[in-house]
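Listed next as structure tokens is one chain, alone, in the form predicted on its own.
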């Protein structure tokens, strides 16, 4: 039995939303995700793993917490997906809180562990399934959920509406011209070679990054543009939440913006 010891952490997105869950709701969501949404590889991975632990040293959480076995990748799967299956989907709200903590705060979905698995088990995929369940139940760290909601309502990660995005870029263009004569941050240039898609923080908190990109583009003589309309943000926090519906909407808008501008390439931020 894996002993799990964690310091208590309060997060309203997890704690308060978990209080609203009913046993029927929890069972229904788990059943839907594991039986309707998940592919055959889920069952293959779950049944193939022999708990060898060779994935452990690939996990930075496991190493950072002095090789605590409960932080190993195989333990994270045992404490989440295997726990749901073993209990036939009938788990309580406290268990959902534990699943959320493990999948959101103790795993980066980096896939390093999968590279060390002798059977090729995609542990990162298994943890995204756990996030999907927690996301549908609304038990998500508040900050991450807020960013997911921002994608849903403003189509950007940082609650930057379309008009603020345009105003910010025009202001940055004025600053750019202090360093580069006739420097441009071109909007909606149809047929440009490159569409640059910034991180939404470049339009809110880290505007210097967008200015630096504009300097590079202008000095290098790149034929580039950015969309003035929705679809400009290259980020997609809904993916990390497990909100695949919003994730799909954001990605479609992103590529539709490129097709609308008839560009040849997309360059994204970090």
Partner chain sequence: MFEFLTSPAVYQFIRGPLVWLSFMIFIGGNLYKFLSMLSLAKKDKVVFPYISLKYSLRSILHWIIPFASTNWRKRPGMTVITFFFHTCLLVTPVFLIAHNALIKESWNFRLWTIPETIADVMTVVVILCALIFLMRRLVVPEVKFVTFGTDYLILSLAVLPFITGFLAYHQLLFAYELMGTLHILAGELMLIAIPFTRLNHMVYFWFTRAYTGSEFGAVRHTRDY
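Numbering follows the first chain given and starts at 1. Keep in mind that this is a model prediction, so the values were computed, not measured.
The form predicted together with its partner chain is left out here; the points below concern that form.
Novice: Within 4.5 Å, heavy atoms only: does residue 173 come near its partner chain in the model of the complex?
Specialist: No, no contact at 4.5 Å.
Novice: How about residue 53: is it within 4.5 Å of its partner chain in the model of the complex, going by heavy atoms?
Specialist: Residue 53: yes, in contact with its partner chain in the model of the complex.
Novice: Verify the contact flag for residue 169: yes if a non-hydrogen atom of it lies within 4.5 Å of a non-hydrogen atom of its partner chain in the model of the complex, no if not.
Specialist: Because no heavy atom of residue 169 falls inside 4.5 Å of its partner chain in the model of the complex, the answer is no.
Novice: Contact between residue 90 and its partner chain in the model of the complex at 4.5 Å, heavy atoms?
Specialist: Contact check for residue 90: no, nothing within 4.5 Å of its partner chain in the model of the complex.
Novice: Could you list the residues in 74-107 that come within 4.5 Å of its partner chain in the model of the complex, counting only heavy atoms and keeping sequence order?
Specialist: Read in sequence order, the residues that approach its partner chain (within 4.5 Å, in the model of the complex) are 74, 75, 78, 79, 82, 86.
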